Structures are given as structure tokens and as C-alpha cells.
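Single chain ahead, by itself, as C-alpha cells, in the form predicted on its own.
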């Protein structure tokens, strides 16, 4: 009898104690320790696949309904259902599909977040970064480093679409977002088209070159260069059992990723390739550049073809099978995870994807 009374009084006391803590903006650690100090990754989102046919239809419909002036950037955000309403593709990365119709300009602006784009459809639109313009083709990789003015335009007679990726959620976590609009819709061009590629993309540097800014002076990697590098790698090396033949994009003046927060890469999985299951602590967004195959992530299995987009969340077993030569672009937060000392990866031919702990 007395034991029940003590228990009742203890529960009432605890509830009163918690109410008093909440009133003073305090929280007992023992109630939330499992959420803030988990024993294993569990909040990276879920695997998700967007077939290109549906993405393209939605993007073109947006083009019919929303003007460039209304949208500023006409983008369909690729949102992971685990982060509904937040616009996240993974726990740390943003991704979207941007459309520019013939004659349109996406006005010049800059922001703290670094951005990348992988051209998916359309030939001949341009991106301008800090006074230099490049004309883009499918498979080209383009970056806009942090706090650099950039604008895009389409002077062709066909729509152009690309995959956007930004580290905006890392920026927001640190409460460091700043942005600015350029006074005119397009910035003045002060250097010849492709100048940075000619100067820095040939495996050479101007004599006496010293980096004056903590960013890559190269911002355009044409796909025909990338594909040639992959083909050369295939002639000389065996494909990794899990990662295939993978080339990472780098700043040629540092040998490091063009970003401090994101790693971008292009991978070739030769026809007939059957990958060993693999998982890593970095979450990734990927798109098919060429070919077709099967991707398995956790308990999900997808047949993927050109321009399909999919998410491989952090610490999810995944593997690739190629029916024909399969080329996949991906970006992740790997470089940041490595810099912070968090990096971890595993591969195991016997792993049961989505089941093994």
C-alpha cells in the first residue's frame, strides 16, 4: 500500500519537476539521449527513385505555368519523404531539377552555399561565373563556388534541364547564409568563354601561380573529357568490386574537391558488372548519364535508365548491376565527413542489403 503511494508521489513529483524544467528552457538528458547521441546512423532519410519521364513531365508543366520572372530559378526540389516540408534530398544535401526555356535568363546572384549542376538535357545554354561564360552540353559538370555571382541563360530554341546540388543545409546548420542580387539580370563578361578550362584544365599551371582565393579557379568539366578519363581508366585498371571505375572531380590547383562540403564523381560500371554490396557514412544523390542497369538500396530495387535520379541515404547497403555500360554521376558529403574524421565505409559480398546491422 505504501509502495503504491510512494510510486504515485514519485511520478507526480517527476511530472512537476519536468514542467519546472521546461518553464526554464531545460531538458533532462536521460529523456533525449537516444535522439542526440544515437548508437548508429538512423536519420539519413530513405532510398528514393525518380524516373526521368515523370521528372521531365513535371518540369515542362512548370514551364507552362510559372514564368521565369515569377520563379527566378524554376526548380523542382527533390525531397526525401523523411524530411517532408524541409526540401532535403539527404540529411545534409539539397537537390533539384532546374528548367530554362528558350530565351530565358536565370538572373545573376550569389550566396554562401556552394552549388553544382550536372547537365541532363539540351545543348547550348550557358552559365556565367564571375565574368566568364561556358556553353553547356549533357553530362557536363559545372560548379558555382561559395559567394560567386552566377547566372544562366538559354539562347537556343529548346529547353535545357539539369540536376542542381547545394550544401545549403550545412550552411543553414551553421547559421551562415548570405545572398545578394546582381544589379542587372546578367553579369558583364570579362573573359573569353572557356578561359578557365584552357588555363587550368590541361594539367599545367601558369608559372608563379599562387592561389589567392580558397576556391577552384576551374568551374566547368566537359563530359567528353570526363568520359575519356573513364575509358582510359578502364583500359588500365580493374573495376572496384563495389564502386566500379570512379573518377572524382577536383580543383586542379589543389588536388582536392572543388568544395569543402561536397564530393562529386562520375562512375563507369562496365556491361555485365555485378557489384558487391557497399555502404558509407555519406548520403548521396545520383543520376544516370548513360546506359541502363539495376540499383539496389536497402530493401528497394530499381531499374534505372538515362537521367533517372535516386538517393542513397547514409549507411545504407547498396549495389549496382550494369546491363550495358552504365555511367552514373553522384554527389555526397564525403569530403566533409572525411575532414571531420567521421568517415566510415564497409563492403561485403555476403551482406544482405537492408538486413545486416
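All values reported here derive from a predicted model rather than from experimental measurement. Numbering follows the first chain given and starts at 1.
One more form of this protein should be noted, the form predicted together with a small molecule, which is absent from this view; the next part is about it.
For the three residues 117, 152 and 164, a heavy atom within 4.5 Å of the small molecule turns up in the predicted bound form in every case. The small molecule is not drawn, but in the predicted bound form it has no heavy atom within 4.5 Å of residue 229.
For residue 94, a non-hydrogen atom is located within 4.5 Å of the small molecule in the predicted bound form, even though that partner is not displayed.
Proximity of residue 137 to the small molecule in the predicted bound form falls outside the 4.5 Å heavy atom cutoff. Proximity of residue 234 to the small molecule in the predicted bound form falls outside the 4.5 Å heavy atom cutoff. Among 112, 256, 98, 156, the residue placing a heavy atom within 4.5 Å of the small molecule in the predicted bound form is 98. The partner is absent here; in the predicted bound form, the one residue of 246, 73, 199, 225 having a heavy atom within 4.5 Å of the small molecule is 73.
Stretch-level contact analysis of 104-112, 171-179, 204-212, 118-126 against the small molecule in the predicted bound form, using heavy atoms and a 4.5 Å limit, identifies 104-112.
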